[in-house]
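Next up: just one chain, as structure tokens, the form predicted on its own.
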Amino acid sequence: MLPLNATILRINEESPSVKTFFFDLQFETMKPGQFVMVWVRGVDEVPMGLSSKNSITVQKVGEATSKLFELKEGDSFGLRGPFGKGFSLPSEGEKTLVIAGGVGAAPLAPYAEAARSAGSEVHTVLGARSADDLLFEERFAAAGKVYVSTDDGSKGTKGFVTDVLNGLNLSVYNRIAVCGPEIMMASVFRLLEERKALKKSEFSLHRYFKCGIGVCGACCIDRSGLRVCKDGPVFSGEQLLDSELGKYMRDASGRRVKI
């Protein structure tokens, strides 16, 4: 699949290190949690979660994202997708818990909105390093109740999303959707396992992609061999039992890199 040309219509500065790029393409069939391969011309092609049908939300962390941050309205990049398996939508009347950390809020904001539209009662635990780093709080609040945690205590509970989860009755939720830094997700995974809530949970993983369509095998996870780009990026909690989650991932050469 050749990349489509996406022209930037608007850029929102969400935090000191995060921007949302709105483009002139509409992915009407996008399912919350799916991703696109973003071709930054002259640099690299990297996976990005869709934060809406016509936007990606990007954290500046490397060469490709640094180049994206240099682009302005009217500039363009290439897009392939959307790809992968998204989050499972709830049924009407179910209760949904969304657990978002950092830029992991990007794919979960459209999920919270879709869950609300499906008739689900939505609660969100939104975590970040500080109040300035909180993403899409207004979008989550429009979908339902929001619990905030910040590492420095500048807003909400001082601490991590797990500190908020410790005070919640997880048995009342029918579905739990999680995305964020992998160390955070691993902590949430252990808590859900201890509270016997893993069966109703889903996690969105980030791994190094080459093709994005399940051909090259670069993103296979141990021990199952599931491909993050094709079988994921969203996996059930049970699929991640005894996996590499929170332990390591692989770089471009396939070498293990400790998380």
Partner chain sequence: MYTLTGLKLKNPTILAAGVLGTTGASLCRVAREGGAGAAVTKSIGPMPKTGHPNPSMVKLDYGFLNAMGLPNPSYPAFIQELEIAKKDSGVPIIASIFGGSPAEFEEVAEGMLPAKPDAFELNVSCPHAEGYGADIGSNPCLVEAVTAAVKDVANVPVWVKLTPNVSDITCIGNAAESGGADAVVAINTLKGMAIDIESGYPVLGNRSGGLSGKAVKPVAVKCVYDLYTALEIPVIGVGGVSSWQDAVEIMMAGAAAVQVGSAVYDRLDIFSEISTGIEAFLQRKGYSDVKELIGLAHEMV
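Numbering follows the first chain given and starts at 1. Since we're looking at a predicted model, the values are computed, not measured.
Omitted from view is the form predicted together with the partner chain, to which the following refers.
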> Heavy atoms within 4.5 Å of the partner chain in the model of the complex: does F27 have any?
Replying inline: no
>> Even though the partner isn't displayed, in the model of the complex is K31 close enough to the partner chain, meaning a heavy atom within 4.5 Å?
In response: no
> Does any heavy atom of E193 come within 4.5 Å of a heavy atom of the partner chain in the model of the complex?
Replying inline: no
>> With the partner left out here, check for me: in the model of the complex, does some heavy atom of F69 sit within 4.5 Å of the partner chain?
In response: no
> Are all three of W39, I213 and C220 close to the partner chain in the model of the complex, meaning a heavy atom of each within 4.5 Å?
Replying inline: yes
> Going by heavy atoms, what in 93 to 124 lies within 4.5 angstroms of the partner chain in the model of the complex?
Replying inline: none
